[in-house]
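Single chain ahead, written as structure tokens, the form predicted alone.
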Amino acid sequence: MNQPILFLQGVSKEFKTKERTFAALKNVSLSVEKGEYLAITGKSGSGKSTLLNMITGIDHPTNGKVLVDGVTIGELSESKLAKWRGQHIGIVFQFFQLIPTLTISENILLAMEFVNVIPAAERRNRVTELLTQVGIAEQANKMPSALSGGEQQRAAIARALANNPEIIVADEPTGNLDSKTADSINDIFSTLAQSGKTVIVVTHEKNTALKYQRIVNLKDGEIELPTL
């Protein structure tokens, strides 16, 4: 059995307002093995996106620890965390978040330039390889607005892979797409998992979740144990 690449220990997250304190996550512990293909499911407000933010270091837990490949990410400074995240975790968002004033190639190059682990001389060839991998090589020099939603999501996946991260996380990556396009995007994630990447996808689509090796369902900020 592989060693865990991701380990959450007693993670809680609280958000405070003037009126009350809201617990988005409650003492969540989770272990994910290297190369695992995992779905995080649950109703709206169950804590799915908050959990993903803990995993990526976009936000920090109120209590508990998050270790990714042996690194306690809460102990990193914000500048070191940003660089670390760019190298080790590729993030795919529901609404793509491509920079609209850059071409598809430039969006991917920018991700490489920020982290600076891919040699400069290799970057343009890598862009071509990644866009070929996700099936949109012919769109390399177009602006995001010229692409369909499915093509933009493919570009976003290529950008997430720019620095060859060990982990790919995606937050509702097919929630804004038609079913046929969503199937093609899910096929890409499946192929990535088969290649050895650790793939973690937040989804509310039960049919999609059934394609994964393991499903973690959240309810009211806690992992819901399967019924026997």
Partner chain sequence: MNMKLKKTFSDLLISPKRTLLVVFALVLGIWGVGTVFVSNFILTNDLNANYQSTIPTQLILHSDQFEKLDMKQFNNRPEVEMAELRDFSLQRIEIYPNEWIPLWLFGVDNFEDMKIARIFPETGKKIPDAGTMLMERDCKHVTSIDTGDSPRVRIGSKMTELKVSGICFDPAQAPATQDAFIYAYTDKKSYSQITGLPSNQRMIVRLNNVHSADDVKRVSDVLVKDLNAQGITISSVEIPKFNEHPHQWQLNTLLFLIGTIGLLAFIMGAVLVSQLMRSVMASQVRQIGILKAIGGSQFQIFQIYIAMLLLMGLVAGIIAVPLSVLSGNAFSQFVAYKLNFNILTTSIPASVYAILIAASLLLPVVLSVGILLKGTAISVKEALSDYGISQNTSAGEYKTMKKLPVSNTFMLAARNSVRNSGRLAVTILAMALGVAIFSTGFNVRQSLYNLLSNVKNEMRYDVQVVLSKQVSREEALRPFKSLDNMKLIQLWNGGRGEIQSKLLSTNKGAGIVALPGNTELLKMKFVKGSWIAASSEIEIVMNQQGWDIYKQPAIGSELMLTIENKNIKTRLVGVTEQFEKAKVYMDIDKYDAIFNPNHLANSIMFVAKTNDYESVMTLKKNIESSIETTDFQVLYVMSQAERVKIIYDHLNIILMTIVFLSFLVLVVSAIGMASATGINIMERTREIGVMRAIGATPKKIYSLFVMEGTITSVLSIALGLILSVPLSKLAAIFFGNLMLGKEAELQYAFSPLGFAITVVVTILFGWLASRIPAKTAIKVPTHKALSYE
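Keep in mind that this is a model prediction, so the values were computed, not measured. Residue numbers count along the first chain shown, from 1.
Below, we refer to the form predicted together with the partner chain, which is not included among the displayed structures.
**Q** Using a 4.5 Å heavy atom cut-off, indicate which stretch of 82-90, 146-154, 132-140, 68-76 touches the partner chain in the predicted bound form.
**A** Of the options given, it is 82-90.
**Q** Taking N164, I168 and T191 together, does each of them reach the partner chain in the predicted bound form with some heavy atom inside 4.5 Å?
**A** Checked in the predicted bound form: no contact with the partner chain for any of the three.
**Q** Although the partner chain is absent from this view, report whether I99 comes within 4.5 Å of it in the predicted bound form, heavy atoms only.
**A** Residue-level check for I99: yes, a contact with the partner chain.
**Q** Taking the shortest heavy atom distance, is F22 within 4.5 Å of the partner chain in the predicted bound form?
**A** F22: no, not in contact with the partner chain in the predicted bound form.
**Q** So, E36 and the partner chain: in the predicted bound form, are they within 4.5 Å at any heavy atom pair?
**A** So E36 does not count as contacting the partner chain.
**Q** Quick check on V117: any heavy atom within 4.5 Å of the partner chain in the predicted bound form?
**A** V117: no, not in contact with the partner chain in the predicted bound form.
**Q** Determine the residues of 103-141 with a heavy atom within 4.5 Å of the partner chain in the predicted bound form and present them in sequence order; the list may be empty.
**A** Heavy-atom contacts within 4.5 Å come from E106, L109, L110, A111, E113, F114, V115, R124.
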